[in-house]
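Take a look at this single chain in structure tokens; it is the form predicted alone.
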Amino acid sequence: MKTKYIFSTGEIKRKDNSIAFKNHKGWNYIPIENVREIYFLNEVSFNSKFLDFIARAGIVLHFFNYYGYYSGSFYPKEHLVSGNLTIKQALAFEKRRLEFARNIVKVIAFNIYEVLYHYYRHDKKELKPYLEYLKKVPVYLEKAQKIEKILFVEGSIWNEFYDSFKYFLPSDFILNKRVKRPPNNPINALISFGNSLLYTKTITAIYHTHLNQTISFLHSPQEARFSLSLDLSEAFKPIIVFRTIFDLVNRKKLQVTKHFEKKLNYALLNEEGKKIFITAFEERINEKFMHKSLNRMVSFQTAIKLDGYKLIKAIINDTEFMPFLIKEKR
């Protein structure tokens, strides 16, 4: 199943059994078979006939504005609905929220540890205090008996991680403070754009399960309509979003002077920068690896969906839910 990205302005509509997109270069035809989702990164006009066509094919549309901010998703009518699972998911929120939230945060710490350890092995010994902090996270989480305390530990993990960038990224990509809306420098712009892409990938993955997108465990269900996607994307941020950023920046494939627009108080990826980032992001999320417990090759994209199935199993069978750990990759 494929992901399509539309970068230019234009018009999109149904043409027989294909998707037809027109921009300044003319018409382009996209066969609907095997399309899983479409990203719009510029202004595109369409009609309800197109939406009906897309909905019947089960394709999710994600919209970003010109500046690269995520605007929202067109989420077709759910075809996998289970009232029984929704009831059990809600009961799990009541009875097991702390347990699930702790495990999500535990996995964030573990996967960040693995990312940082790579640089530690390559002579970045300054990272030792950060690695030792991450090792202690399970202890801090066991002491956290309220969701606010667990969220505090999560926030501390990310702050430590951001602070460590100064030891392995070029000086113009050091993160002094995480600023989201709008991102005030190139590294904040990359993190916001990458996290939004991963969040939308997770929305699409959950759409193809029986899970209810609105019942989440680490994030508050009131936080966003698709708050479960926020939960399930957390384990993959260090592996997919940050590894993509570190690779592009350290290999100088993304440069401040060439790939960013600096406005008055914020920074944005320009079109060339977005294309470079998306290409690398797609390569990483579609990278296949041998899954230890499944004993077969899977992609990270599939691993996100598998986490959805793991959550369903934990809810129905009252078993432990442990999100994807990078050590599951053989």
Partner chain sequence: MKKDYNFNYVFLMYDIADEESESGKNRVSKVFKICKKYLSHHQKSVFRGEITPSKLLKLQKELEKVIDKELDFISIIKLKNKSSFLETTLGNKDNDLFL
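This structure is a prediction, so every number in the text was calculated from the model and none was measured. Residue numbers count along the first chain shown, from 1.
Another form exists, predicted in complex with the partner chain; not displayed. Remarks below refer to it.
- Shown alone here, residue 34 lies within 4.5 Å of the partner chain in the predicted bound form, counting heavy atoms only.
- At the 4.5 Å threshold, heavy atoms of residue 298 stay clear of the partner chain in the predicted bound form, well away from it.
- Although the partner is absent here, residue 279 sits close enough that one of its heavy atoms falls within 4.5 Å of the partner chain in the predicted bound form.
- Mapping the unseen interface onto this chain, residue 2 counts among the residues with a heavy atom inside 4.5 Å of the partner chain in the predicted bound form.
- The three marked residues, 121, 128 and 242, fail to reach the partner chain in the predicted bound form, with no heavy atom of any inside 4.5 Å.
- In the predicted bound form, the partner chain lies within 4.5 angstroms of at least one heavy atom of each of the following residues of 19 to 33: 21, 23, 25, 28, 29, 30, 31, 32, 33, in sequence order.
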